[in-house]
Every structure is written in C-alpha cells, then in structure tokens.
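Here you get one chain, nothing else, as structure tokens; it is the form predicted alone.
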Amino acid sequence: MSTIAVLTSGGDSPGMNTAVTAIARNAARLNMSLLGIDRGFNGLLGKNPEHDFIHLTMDNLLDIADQAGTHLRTARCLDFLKKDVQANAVKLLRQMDVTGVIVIGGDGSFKGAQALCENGMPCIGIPGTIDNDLSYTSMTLGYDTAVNVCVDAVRAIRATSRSHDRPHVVEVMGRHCGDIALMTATATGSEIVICPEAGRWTVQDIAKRLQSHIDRGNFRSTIVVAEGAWEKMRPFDLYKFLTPYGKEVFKGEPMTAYRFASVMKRLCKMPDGTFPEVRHTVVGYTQRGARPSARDAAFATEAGIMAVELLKGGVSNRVIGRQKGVVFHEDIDKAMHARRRFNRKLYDTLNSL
C-alpha cells in the first residue's frame, strides 16, 4: 500500500486537523503518499479531480494540528447515497492510485466508508462529531472540546445570573444525543437539564421544577437544554400562551430557547409576586469552532496513527474508538449497531436536587 487518502465529512469537529496531521506523519514514516480529499465525499464525485485531491505533506500541514475546523473542508453529499456514484468514486480513487481511505466523521460518514468497502476500497473510520452519538466509543473527536466550551459559557452565565437573581436557559448542541447537555450540567452545578434520550417532557413540569428552586431561595437556576430536546417536548400552544403578552408568535412555530425563557418567566413567580427575569443563551457554533482540548488532540493523534497502521497491515472495514482510556478498533458493522448508552440515573439525580 503506497498511497492512501483521507477525508473529513459531516459536521466539522475540533481534532479533525490533529488527526489529519497524525495520519500524514505516520504515512511519511512508513514511506506512504497521502492525498487529502476536499469537501468530504463531494471530492469523490469526479467533478474537479485536479483540485479535489491534494498531496498532503508535513510542509503544507505544519501549522494546522491545533487549529479548529477542518483544513480539508467538509460538506454534505446526498449524491453519494447512490450506488452508481459510490462505484464511480472507487474507480476515481483507483485512477489516483489510492489503495486505502481514512474517513473522519460521524455515522453518516461511516455509512459512506462502508459503501467504499463494499465496492472494494479498503477504509478505516475515525469518529469525528461533537455530539458523541456513536455508541461503540466513549468519546468522539470534538466532544470533550464542545463540553469545555459549554462549561465555560455556563460558568460565566451563572456568575451574572447570581449577580442579578435571574434564571437562565442555555441551549447546547446535540440533535439526538444529550451528552453535551448532561456533562455541562454535571460540571457546572446547573439545576435542570433536558436531554432527548429522557423521552417526552412537558413545559409545565420544567416550570414546576424552576418554581421549586425559586421557593427555596434560588433565584438564578440554570436550565441546560440539548437542541434535540425540543422535538421531545409534549404539545404546547405557544400562540395561545404568548400572544396575550404581546409576544410575536404564529400558530405552528416551534419552541426556541428565547421563547422557552419567556414561557418560564410567565409560569413562575418570585416571592414578591413578580415574574422572574428569565434570560436565554444559545451557545451555538462556538462549540465546533474551538481549538481541540488536550483529550481530543491526544485521541486524534492516536487514532490517526492507528488508522495508517491498519491500512498498511491490510486491515479494512474498521472504525477506531476509545473505551476506558484505551484506543481500539472494531468492525464497522458491529460498531454501527452498538446500543446507545444514556446515564439516566445521573440525569434523574441532577433534576431532583
């Protein structure tokens, strides 16, 4: 195996550049050439191969290891779901003398890697997604960094909330996985956390929890919400509730952190009978755009080294993960069917304190 390729796909995550640099270093050590594929699986469509394939060396990767984002860029590629596109991608790779591919991304990216394997192109997957939603591994690239970003944000928010006696709603990322929200709440002492894995929940129940904190003298409780939790909220008529208060909302519009804070304000009361001044913050893409933490960078480096060695040794159709501090590799089919873990006991305990 003399030439391998690497691509980053799906949402960018801190640590992707670190992994690419580690891949390049180990490839050079083993006298292997490395090609970077631009814009994820889009670079395999054959539209502009002169620009979509980049020769990667330590000279052009020297300063990216600790940088945020992904040097190779990333994009969604619905065309790659088509069988003929997948087969043509492998033909293109072979024309470029590529004999193995490393895919860095989430579950959708791994499905693309599986498709390449099924068409005869050896592949290794490295988990790159801040959501930590790949069940076979205890951490994915970017997750630790995202949690640290959220923890810093919530600590700052709680400082000003304490100063003004104001509850606060903080929305963090996590469409189907609430790990960022749960770990952020755990690390910051936040009083309420809402995750999609916990199932259906009601606005009224959260308001009761917030009111119980106010009744006990805690006027600055923090509610941490995973972005995917809004889809698990039981029906609540925003239009009927907020319109009498002069809030601009139309029937059928979704709940947001801003609107949720407005609802919490009007469902709760301070000891003097006034509404609590509930505020909101959406942490947003700062979770993706931060430089990788030490844990993410170390995992990315070990994963990049292992991926090259697996391809060099003729191993394919594997994904790399980390469990109990040890980096390992596992069959991609088995990994994709691993059962989702959620610490329900921790979730219930945080919400009952």
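Each residue number is its position in the shown sequence, starting from 1. Quick caveat, the model's predicted, so the values are computed rather than measured.
Note that the form predicted together with ligand F6P isn't included here; everything after this is about it.
A heavy atom within 4.5 Å of ligand F6P in the model of the complex is found for one listed residue only; from D179, D144, E227, E197, this is E227. Listed residues R318, R39, R288, R322 were compared with ligand F6P in the model of the complex; R288 is the one with a heavy atom within 4.5 Å. Taking the partner from the other structure, ligand F6P in the model of the complex has no heavy atom within 4.5 Å of any heavy atom of E191. In the model of the complex, T129 approaches ligand F6P with a heavy atom inside 4.5 Å. Ligand F6P is not shown here, and in the model of the complex it never comes within 4.5 Å of any heavy atom of G105. Taking the partner from the other structure, ligand F6P in the model of the complex has no heavy atom within 4.5 Å of any heavy atom of R155. The chain is drawn here without ligand F6P; in the model of the complex, the stretch among 203-211, 92-100, 169-177, 182-190 whose residues come within 4.5 Å of it by any heavy atom is 169-177. Contacts between stretch 68-87 and ligand F6P, counted in the model of the complex as any heavy atom lying within 4.5 Å, involve R76 alone.
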